[in-house]
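Shown here is one chain on its own, the form predicted alone, set out as structure tokens.
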Amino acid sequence: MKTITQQKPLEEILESIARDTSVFIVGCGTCATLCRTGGVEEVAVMAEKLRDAGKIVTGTAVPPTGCDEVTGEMGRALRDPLAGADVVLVMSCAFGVQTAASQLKKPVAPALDTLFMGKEGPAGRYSEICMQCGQCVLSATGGICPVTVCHKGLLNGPCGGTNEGMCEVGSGRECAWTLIYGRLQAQGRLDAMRKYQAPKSYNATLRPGMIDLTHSREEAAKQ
């Protein structure tokens, strides 16, 4: 599963670094490379665009994973180019931006918008597969998530808008509940679909999210 991103408009990027003269660019060798938004080629193109806009690019780096390998070691290896930069432009997911900010101790600016967690399909198309809702019902839906795959997010379906397996939303979108029905039928488990799912609790995942796994394990051991 990858973090799916898209590049911000150049005008927005330039506005966010308007006060800065020199820029160091950090990409990501995993998710952003997959999405073609922050790999080696995209970082090189961005560097050229910034130079054309009058910025000084002091250096670039594309660590294997921008979210957790923008480390102090990288900072030491690229100490001089980083020291010469007013800001670090991060071509990675929002996690990578926050990691760069905390580890490099420099002002940062995101070059990408983080869209969702998903997977790549044919021809560079990406599909959301989990929105981390904190209330998983996959056991009753054949492993197909109705919250993300159903375009209405229905926990009980299908609705009246399905037609020959397609969703009324259009654009060739398949009906999630037709897919769920087919999967459960093949497994001989259609009875799972008959169970009513209560309305989704949006308190299941508190924002901002924080959990003490050590405490949770201790509580589970007592039960």
Partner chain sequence: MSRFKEALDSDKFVVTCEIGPPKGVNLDKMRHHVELVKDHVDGINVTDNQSSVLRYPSLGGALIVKEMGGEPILQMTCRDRNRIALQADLFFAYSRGVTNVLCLTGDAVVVGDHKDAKGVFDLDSVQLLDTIHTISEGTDLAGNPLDGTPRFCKGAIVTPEARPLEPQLIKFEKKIEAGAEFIQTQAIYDLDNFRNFMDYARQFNVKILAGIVLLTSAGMAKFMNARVPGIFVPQSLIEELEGAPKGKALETGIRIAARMIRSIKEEKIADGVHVMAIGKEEVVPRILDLAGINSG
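Between two forms, the rigid core is the largest collection of C-alphas that superpose within 1.5 Å. Keep in mind it's a predicted model, so treat the numbers as computed, not measured. Numbering follows the first chain given and starts at 1.
As for the form predicted together with its partner chain, it is not shown, yet the points below apply to it.
Chemist: So in the predicted bound form, is its partner chain close enough to Leu50 to count as touching (4.5 Å, heavy atoms)?
Modeler: Outside the cut-off, so no.
Chemist: Looking at the partner-bound form in the predicted bound form, is Thr65 within 4.5 Å of its partner chain by any heavy atom?
Modeler: Contact with its partner chain, no.
Chemist: Is there a heavy atom of Gln187 lying 4.5 Å or less from a heavy atom of its partner chain in the predicted bound form?
Modeler: Gln187 lies outside the contact set for its partner chain.
Chemist: Heavy atoms within 4.5 Å of its partner chain in the predicted bound form: does Arg79 have any?
Modeler: No.
Chemist: Please tell me whether the candidate spot formed by Glu164, Val169 and Tyr202 is one where all three residues come within 4.5 Å of its partner chain in the predicted bound form (heavy atoms).
Modeler: Contact check passed for all of Glu164, Val169 and Tyr202.
Chemist: Among 35-43, 174-182, 22-30, 53-61, which stretch has residues whose heavy atoms lie within 4.5 Å of its partner chain in the predicted bound form?
Modeler: Careful reading of the contacts points to 174-182.
Chemist: Residue by residue through 129-154, tell me which have a non-hydrogen atom within 4.5 angstroms of its partner chain in the predicted bound form.
Modeler: If the 4.5 Å heavy-atom criterion is applied to its partner chain in the predicted bound form, 129-154 yields His151, Lys152, Leu154.
Chemist: Using the rigid core as the reference frame, would you say Arg36 shifts its C-alpha by 2 Å or more between this form and the one not shown?
Modeler: No, the C-alpha moves less than 2 Å.
Chemist: After superposition on the rigid core, does the Cα atom of Val62 shift by at least 2 Å between this form and the one not shown?
Modeler: No: Val62 shifts by under 2 Å between this form and the one not shown.
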